[in-house]
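In structure tokens, the next block holds one chain alone, the form predicted on its own.
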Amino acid sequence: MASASDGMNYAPQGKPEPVVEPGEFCFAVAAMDHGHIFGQTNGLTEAGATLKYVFDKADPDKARKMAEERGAQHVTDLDVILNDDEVQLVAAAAIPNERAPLGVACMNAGKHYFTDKTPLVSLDQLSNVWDAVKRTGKKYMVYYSERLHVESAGYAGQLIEQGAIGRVVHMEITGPHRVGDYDKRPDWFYKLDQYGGIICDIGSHQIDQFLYYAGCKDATVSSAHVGNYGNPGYPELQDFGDYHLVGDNGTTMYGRVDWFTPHNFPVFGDGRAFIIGTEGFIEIRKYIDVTTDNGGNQVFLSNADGQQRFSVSGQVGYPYFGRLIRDCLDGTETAMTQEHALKTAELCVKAQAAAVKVA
């Protein structure tokens, strides 16, 4: 699915690897404003979860179609989901500034919550989410798809854990995207208070990877910039952003995000990551290996043993989803810690707030 016209339609499909029996773990879809909801749903159902309900307040027809295609019930009232004790988790991809309020409502109703990135757009929302997590004991998990639903990103993590490049000291992570057909984007895509800014939104992917690969618990924002270089007709659309972070263990990171992928490019964006360690370096080419027929999911490793290229499509899978299901059932944190999920969100908001407008 990396050849989708834009990142909004990125919804990988993997091999079924169920961790529960049918009906043992039920979930519902409660907002479909962003197409990532299909990737979230694919991952959960492939891991054995049972989709019971589909709801979308803005587009009931879209919800009805999804329900029919996936053997679920279409409902027109969110309370049906919130009041059903059989539903253990709610998956949602609401408008970014509506994600946190929806999540708090779900947790208050006794449900775990699995939201698309970015999971929130302000420090006030972050405070509300943390309060709900502590008060309800429910999870507020996030679909950082550029790591969780990309096999090359997962494989790079395995190499780092094995010590293939020693201690990680620096990263450069890029997340270019394509707007696609402007008139097919929803109105909220062009409204800053709704999408939260380009660093808060797309940058959440890169910050998640930085904290994970570097083993950081926290970081500070050294600098950040945003601009509108090529879309004067949409003044609130930030089509470029970059930022520098310094982790609490001294690891540094440069992130760049933009909406300048050419219209004729084979995939929605040439997402890459360069990870430098004390004993070598890794490059991840997530969606495409430009000018070759290798395809995406390419990992390049250089260390004392030499240089190697690993083509890992279909080799790694997407273990996050099964781990998330088991975490909800077992009270563990094997998929992602709550601290990591929300520290990433916090740094997104802080980097966005610190950004200097340059165009």
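We number the residues from 1 along the sequence you see. If you're wondering where the values come from, they're calculated on a predicted model, not measured in any experiment.
Only in words, not in the display: the form predicted together with a further copy of the same chain, which the text now covers.
S.K.: a further copy of the same chain isn't shown here, but in the predicted complex, which of 101-109, 172-180, 118-126, 206-214 has heavy atoms within 4.5 Å of it?
M.R.: Checking each option against the 4.5 Å cut-off leaves 172-180.
S.K.: So which of G71, P266, G163, P186 reaches within 4.5 angstroms of a further copy of the same chain in the predicted complex, heavy atom to heavy atom?
M.R.: By the 4.5 Å criterion, the partner-contacting residue is P266.
S.K.: Looking at Y195, Y140, Y243, Y143, which is the one with a non-hydrogen atom within 4.5 Å of a further copy of the same chain in the predicted complex?
M.R.: The option sitting close enough to the partner is Y243.
S.K.: Answer with yes or no whether K191 is in contact with a further copy of the same chain in the predicted complex, where contact means some heavy atom within 4.5 Å.
M.R.: Because no heavy atom of K191 falls inside 4.5 Å of a further copy of the same chain in the predicted complex, the answer is no.
S.K.: Would Y155 show up as a contact with a further copy of the same chain in the predicted complex if we use heavy atoms at 4.5 Å?
M.R.: Y155 lies outside the contact set for a further copy of the same chain.
S.K.: Please determine whether N83 contacts a further copy of the same chain in the predicted complex, using a 4.5 Å cut-off between heavy atoms.
M.R.: It does not: once a further copy of the same chain is placed as it appears in the predicted complex, N83 has no heavy atom within 4.5 Å of it.
S.K.: Is there a heavy atom of D305 no more than 4.5 Å from a heavy atom of a further copy of the same chain in the predicted complex?
M.R.: Taking the distances in the predicted complex, the answer for D305 is yes, it comes within 4.5 Å of a further copy of the same chain.
S.K.: Hey, with a further copy of the same chain in the predicted complex, do D258, G277 and G280 all fall inside the 4.5 Å heavy atom range?
M.R.: Verified in the predicted complex; spot residues all in contact, yes.
S.K.: Along 215-234, which positions have a non-hydrogen atom within 4.5 Å of a further copy of the same chain in the predicted complex?
M.R.: Sequence-ordered list: S222, S223, A224, H225, Y229, G230.
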